[in-house]
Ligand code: EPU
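Just one chain is shown here, as structure tokens, and it is the form predicted alone.
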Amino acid sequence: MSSLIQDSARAGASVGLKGDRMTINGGRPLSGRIELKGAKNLVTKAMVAALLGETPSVLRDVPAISDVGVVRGLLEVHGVKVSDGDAEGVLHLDPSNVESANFVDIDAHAGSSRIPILFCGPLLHRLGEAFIPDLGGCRIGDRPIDYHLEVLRNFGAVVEKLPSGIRMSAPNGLHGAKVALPYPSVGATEQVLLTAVRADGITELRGAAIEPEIMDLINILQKMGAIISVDTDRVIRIEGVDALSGYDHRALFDRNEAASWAAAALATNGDIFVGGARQPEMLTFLNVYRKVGGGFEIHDDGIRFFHPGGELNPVIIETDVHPGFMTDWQQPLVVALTKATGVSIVHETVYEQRFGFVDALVEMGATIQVHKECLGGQACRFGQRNFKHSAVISGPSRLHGADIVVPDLRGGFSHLIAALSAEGVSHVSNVGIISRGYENFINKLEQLGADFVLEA
């Protein structure tokens, strides 16, 4: 990473942005090639895992995104030496001098990120205590940390809630436990893994999330010396070990970013080659993409996504945990579905408030209705709870330019896609949020021929 990107990322700022507002002249197909680095949802957790090692770790394909900067800052205030490798996207993490950090420093570096909760297990092992401030993150649902706190209690942690945050200690050490999650939460699964690998005894986790990013984290922990087995029925067993070493690992590609660019190709009648994307992790998305009418070609070095011409087809989608259709995929795809001929239904079952972004699409001319009922599939845990979690999209719609304020990471990128596909000029503000998970997206838009101007 360049020093400029490091400084921006450490502050959690808009990586690569000179301003926080864009003027977009829509209606031009996006065409060209972009390259992916490691997944946001894996890289930040891999950085935390380095805390568990007694020797340095090397992480490759690290994207220059602000969430990486947040974790880097949190590691550094805890005494981890983080340095850049000779090649782009390589981080060296040396945890030899881990120490307790001042609350003010933790709070300053955490920003709106929810990642600090995952520091707790490793810090309890290394220091016997941990502290986290109030957690932020995108406002797409409740996303409570109750799972995390209960998990840590199961391992023997003492949890004390304070006005400024949460303090944890492990006066008797951490011990293996039987954990059953009521929902296959990715974050809670990561918490168990990062805590159990050095806990005394065997841990059994039932109802685990099994996303590719989870499996890649398990790969990293096994490289470090962990003993972990994964059954087909969402059961993960971890045999605690006394010590772990560092790792050398190339991160899994970002399948969420890949799907976002694929949706952009479809919505703008474009043709985008996404370098680094792989078929196995995209299987479910590719099936839906083909049903909608999108074209794709699988290559050894990536996937080409394109609009083949003709009408797009309406579909019924129900988001779910892996191997289902990812919740992070639905927002950008909804933009493409506004171009489909007929009625599409998207039933969101992972986050209860993920359709706030459609208000801007409606303002731009889309015909979208959001309902409280479970539409298009089985009743989900949000049914009868008055959450608007089902969307009906009627098309095709001719989107027009508008003034848009980015609400969250995935919704924000979806708004960019809408503005790029719309007729006329759009003004999109608060675009800095997008840099949390999309590396150098401004440069990538330029490479693809987008017509826009950044405003100071």
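Start at 1 and count along the sequence shown; that's the residue number. Just so it is clear, the structure is predicted and the values come from calculations on it, not from any experiment.
Omitted from view is the form predicted in complex with the ligand, to which the following refers.
Visitor: Select from the listed residues 154, 269, 185, 319 the one whose heavy atoms reach within 4.5 Å of the ligand in the model of the complex.
Guide: Selected option: 185.
Visitor: If the cut-off is 4.5 angstroms on heavy atoms, which of these, 297, 300, 146, 242, is the one near the ligand in the model of the complex?
Guide: By the 4.5 Å heavy-atom cutoff, the listed residue in contact is 146.
Visitor: Would you mind picking out the stretch of 384-392, 29-37, 404-412, 425-433 that comes within 4.5 angstroms of the ligand in the model of the complex, counting non-hydrogen atoms?
Guide: It is 404-412 that comes within 4.5 Å of the partner.
Visitor: May I ask you to check whether residue 351 falls inside a 4.5 Å heavy atom distance of the ligand in the model of the complex?
Guide: Within the cut-off, so yes.
Visitor: Hey, in the model of the complex, is residue 328 touching the ligand, heavy atoms inside 4.5 Å?
Guide: Because a heavy atom of residue 328 falls inside 4.5 Å of the ligand in the model of the complex, the answer is yes.
Visitor: Contact between residue 124 and the ligand in the model of the complex at 4.5 Å, heavy atoms?
Guide: Heavy-atom contact with the ligand at 4.5 Å: absent for residue 124.
Visitor: With a cut-off of 4.5 Å between heavy atoms, is residue 115 one of the residues that contacts the ligand in the model of the complex?
Guide: The answer is yes: residue 115 has a heavy atom within 4.5 Å of the ligand.
Visitor: Counting only heavy atoms and a 4.5 Å cut-off, does the ligand in the model of the complex sit next to every one of 66, 440 and 444?
Guide: No, the whole trio is out of contact, none within 4.5 Å by any heavy atom.
Visitor: Quick one: which residues from 47-86 get a non-hydrogen atom within 4.5 Å of the ligand in the model of the complex?
Guide: Going through 47-86 in order - heavy atoms within 4.5 Å of the ligand in the model of the complex - there are no hits.
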